[in-house]
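Shown next as structure tokens: one chain only, the form predicted on its own.
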Amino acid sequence: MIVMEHFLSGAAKLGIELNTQQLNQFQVYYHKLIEYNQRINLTSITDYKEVQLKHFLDSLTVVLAFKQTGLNGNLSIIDIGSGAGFPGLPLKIAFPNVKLVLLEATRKKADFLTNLIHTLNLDYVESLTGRAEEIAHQSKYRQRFFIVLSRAVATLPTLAELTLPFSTIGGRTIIQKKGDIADELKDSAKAIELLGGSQPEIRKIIIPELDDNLYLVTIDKLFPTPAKYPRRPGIPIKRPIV
């Protein structure tokens, strides 16, 4: 096995211990990512160590914003705009009992996720192709998830509209952000309140293995999202609620 000491060290700082089977799954994940990346644009990061840290470890940092209960139970999670599977799939490998939906609008990327799920022999994972603006209106997915994840998909006002409709009352939306997010936070206040969310909590990620400008934006679901949200595809990006 190729050495993964930096990844293991970072995971340990998050309170995550990975066994041999899980490490093998991350190895397979890496090789599949590189293989498919030659055909479709999944990531610009291909160096082995950088993938471990900037994709795998970065994905696992969302556990810092989890509620204490249910981490090892049948927790229902949806990853909005999953792309190459981040952060949802690394989280699933680390916590095999969670129930996960990976929502991706691009068919080729969703096909990659489907192939990877089968290759890794993961249970209770669904790769779903579609736009969040449409899937969020389906009763099977609307307000059904205890944890909603999103990583580097859009600005916070837009993401509030794309993610909060999936969260159950008492659930939590966790958005990964990088850089100066002060203006985004200010601009997102109206959308978050309108869509049933709490005032965001901001947690800075401080782990030596990662960049020092990473944040988790956590929003709890307090009230039901009004039925008309999210608006039709493209509108949350073109005309965010501010």
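In this text, residue numbers run from 1 along the sequence as written. Keep in mind that what you see is a predicted model, and the values were worked out from it rather than measured.
Keep in mind that the form predicted in complex with ligand SAH is not shown, yet the notes after this line are about it.
message: Please identify the residue among 165, 157, 81, 171 with any heavy atom within 4.5 Å of ligand SAH in the model of the complex.
response: So the residue touching ligand SAH in the model of the complex, by this definition, is 81.
message: Looking at 118 to 126, 137 to 145, 91 to 99, 104 to 112, which stretch has residues with any non-hydrogen atom within 4.5 Å of ligand SAH in the model of the complex?
response: Of the options, only 104 to 112 has residues within 4.5 Å of the partner.
query: Is residue 75 close enough to ligand SAH in the model of the complex to count, meaning some heavy atom within 4.5 Å?
result: Contact check for residue 75: no, nothing within 4.5 Å of ligand SAH in the model of the complex.
In the model of the complex: members of 115 to 148 within 4.5 Å of ligand SAH, any heavy atom: 130, 131, 132, 133 sit within 4.5 Å of the partner.
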